[in-house]
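Take a look at this single chain in structure tokens; it is the form predicted on its own.
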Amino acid sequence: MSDNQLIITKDGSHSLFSQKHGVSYHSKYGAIQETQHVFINAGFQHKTPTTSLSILGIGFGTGLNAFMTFLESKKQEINVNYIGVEAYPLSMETINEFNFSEILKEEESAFQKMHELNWEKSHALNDHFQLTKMKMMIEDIDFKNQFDLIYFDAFGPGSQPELWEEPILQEMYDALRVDGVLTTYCAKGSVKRGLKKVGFTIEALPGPPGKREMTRATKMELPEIEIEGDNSKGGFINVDVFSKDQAAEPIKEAIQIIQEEISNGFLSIKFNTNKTGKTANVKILGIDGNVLLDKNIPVTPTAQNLDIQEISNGNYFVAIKFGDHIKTSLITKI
């Protein structure tokens, strides 16, 4: 008896319910709708226009993510190298039951062929789409700076929590090129914190039907920048940028930003120092280096909220100078 049960989701497309994990492969509100929203719109379309994309699919599963990416690449004439990772491939008997080709009005042979192709080999489905299926555990992935886009579509944290923890998220970060994107249906707080901890800049996006939010994470490395200014007026000279790979040396008067993600129009800053009666200079700079906020704030051990509602959404650098010490971080306002 199969561990998976065929189900019909609310948009009429099929999915599977896993008896083993107690969850379905797709949203019950619509398998095709979910893939279109989370992976095609928020991932593939987000990375275009471009002539080519290298995509890692975690996991391959029913093949719907790969199939809809194939259709999109053909429509837009974008060259795609797609690697799909799956530890437990589905049987052809199960594959033959799906109605994806019928609903998407595409030849049955293209979807069938994806599943019939040999594993561990690269295959050209047409002039624009190259597919490699890899039968392996997600924990065994070891790609480096190889992909523009990751579809992270593992079973949720409630059924497979180990796949959403820092070691795996670190593997995903390492697998992406700079400016690469990971997109997932999951919006759990612990997952978003884990993504940020390994180095991602994250966005909380509206979710597909039936889900309030989803997550898109971008690999943005902090550049080495210099911010010139007059020290007597709180300016910065030869600013050291501390990324996750280059941590600042521990110092007694170090500055800690307690909230990397700006929300509700405020940035919270906290100092892990007992000294008071001093001030720190806070600058917010755009990616182009332009100063958008320049403010002196008192040094206190309690959190302070800076009003930045006039600054538009996007990615920014926060540079804080306290005495001779300077700390910079990359933040995202959403």
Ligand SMILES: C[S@@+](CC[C@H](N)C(=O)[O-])C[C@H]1O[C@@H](n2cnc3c(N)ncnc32)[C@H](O)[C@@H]1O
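Please read these numbers as outputs of a predicted model, since none were measured by experiment. One rule holds for the numbers: they count along the sequence shown, beginning at 1.
Beyond the structure shown, there is the form predicted in complex with this ligand, which is absent from this document and is the topic of what follows.
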{"property": "Within 4.5 Å of this ligand in the model of the complex, all of Val178, Ala204 and Thr332 (non-hydrogen atom)", "result": "no"}
{"property": "Single option in Ala154, Val198, Met220, Leu71 placed near this ligand in the model of the complex, where near means a heavy atom within 4.5 Å", "result": "Ala154"}
{"property": "Of Asp148, Glu106, Asp174, Glu86, the one that lies within 4.5 Å of this ligand in the model of the complex (heavy atoms)", "result": "Glu86"}
{"property": "One stretch from 47-55, 302-310, 61-69, 289-297 that, in the model of the complex, holds residues within 4.5 Å of this ligand by heavy atom", "result": "61-69"}
{"property": "4.5 Å heavy atom contact, Asn126 and this ligand in the model of the complex", "result": "no"}
{"property": "Proximity of Tyr25 to this ligand in the model of the complex, heavy atoms at 4.5 Å", "result": "yes"}
{"property": "Contact label in the model of the complex: Gln160 to this ligand, heavy atom within 4.5 Å", "result": "yes"}
{"property": "Partner contact for Ile138 in the model of the complex: this ligand, 4.5 angstroms, heavy atom", "result": "yes"}
